[in-house]
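Next up is one chain by itself, shown in structure tokens, the form predicted on its own.
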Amino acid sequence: MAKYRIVLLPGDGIGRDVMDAARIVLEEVKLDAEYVEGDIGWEFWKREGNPLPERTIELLKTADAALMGAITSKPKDEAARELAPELRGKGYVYFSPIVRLRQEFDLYINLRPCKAYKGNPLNYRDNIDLVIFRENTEGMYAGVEFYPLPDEVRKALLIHPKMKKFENVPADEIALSTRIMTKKGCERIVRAAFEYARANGRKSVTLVEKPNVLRETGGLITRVAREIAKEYPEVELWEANIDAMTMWLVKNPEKYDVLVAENLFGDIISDLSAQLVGGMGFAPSGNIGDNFALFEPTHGSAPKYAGQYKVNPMAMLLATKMMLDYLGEKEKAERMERAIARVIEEGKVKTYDLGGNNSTLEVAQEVARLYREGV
């Protein structure tokens, strides 16, 4: 019996292309694992009215970790039009599979390392090495939204004086999204960031928020962060407003070690930081809970390139390396990262985005070769 059970979720678009690349390297890594494939993505939405079938949820419950390629996501109205004719008008509403997975499995940590590998011509600077901890289940992405605005929700909100301005706005002319943050949610993401900093010799944790405007939700996580920071005297707590942080990350990205933020703000700084180190083609992500984790590249499904095997697989390969770390296979993870770094530095085998003409699979084969040789 294999030591690990890994669920592979290729998804759609280029998801299968980069998953094939990951499998080439995993075969060389020789992880003691059973790999099983699960269904997720746009094709299952169109055929079944569910982009994340229940059979996939049940499969994931049997796994130690999962690796996902990419999934297509479209606006609600467009999604409804693409349903199979026999499913239209039957109440099916598209939802984000990754958001549901995060909430279903309580994957409260979205871990986004952003590292500038030497030799990458797309690096903004070469000395960037920061890690973002984004809260994954609450905040602005909790999914509690209303349109049209129900009367009972409006009445409940009228206890707040600033809601008076909206008292007579027609229900179908007002939409409401909520930013829900709990003390527990704030504590565990902040603590995870500090634990990572301590374990990896990082000098600072920066809380990215906006408590001067979002006084209650921003105030809560700020108070929590200040209390938790007292337990980690060797790690400095820095605080920055989200708008200023986008400026500082462009001006002085090398100053930062670990950043921690609520869901929306973490999403914003994650993409900004990814661009500093080469863009989405170099940006892996981990969705991590206490008992399960799912790893993925952060790029989209790029349907126009599906099946062409031309896209950069590095984000997917780095996500695979993150999975090895999560499973405790540190030596394999470090060896894989060295192989990836060597391919980037040498620049001999590279995809079109880096000015090369190699395929997705050729890049993976070169990483696998260097892994085998133990660079």
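Quantities reported herein were computed from a predicted structural model and do not represent experimental measurements. One rule holds for the numbers: they count along the sequence shown, beginning at 1.
There is also a form predicted in complex with a small molecule; it is not shown, and the following applies to it.
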- Message: in the model of the complex, is there a heavy atom of the small molecule that lies within 4.5 Å of any heavy atom of Val99, even though the partner is absent here?
- Response: yes
- Query: How about Glu209: is it within 4.5 Å of the small molecule in the model of the complex, going by heavy atoms?
  - Reply: no
- Item | Arg188, heavy atom within 4.5 angstroms of the small molecule in the model of the complex | no
- Item | Residue contact check: Phe292 to the small molecule in the model of the complex, 4.5 Å heavy atom | no
- Heavy atom distance at most 4.5 Å to the small molecule in the model of the complex, all of Arg202, Tyr232 and Glu236: no
- Item | Contact segment among 76-84, 251-259, 90-98, 154-162, judged by heavy atoms lying within 4.5 Å of the small molecule in the model of the complex | 90-98
- Query: Quick one: of Phe194, Phe105, Tyr117, Tyr141, which gets a non-hydrogen atom within 4.5 angstroms of the small molecule in the model of the complex?
  - Reply: Tyr141
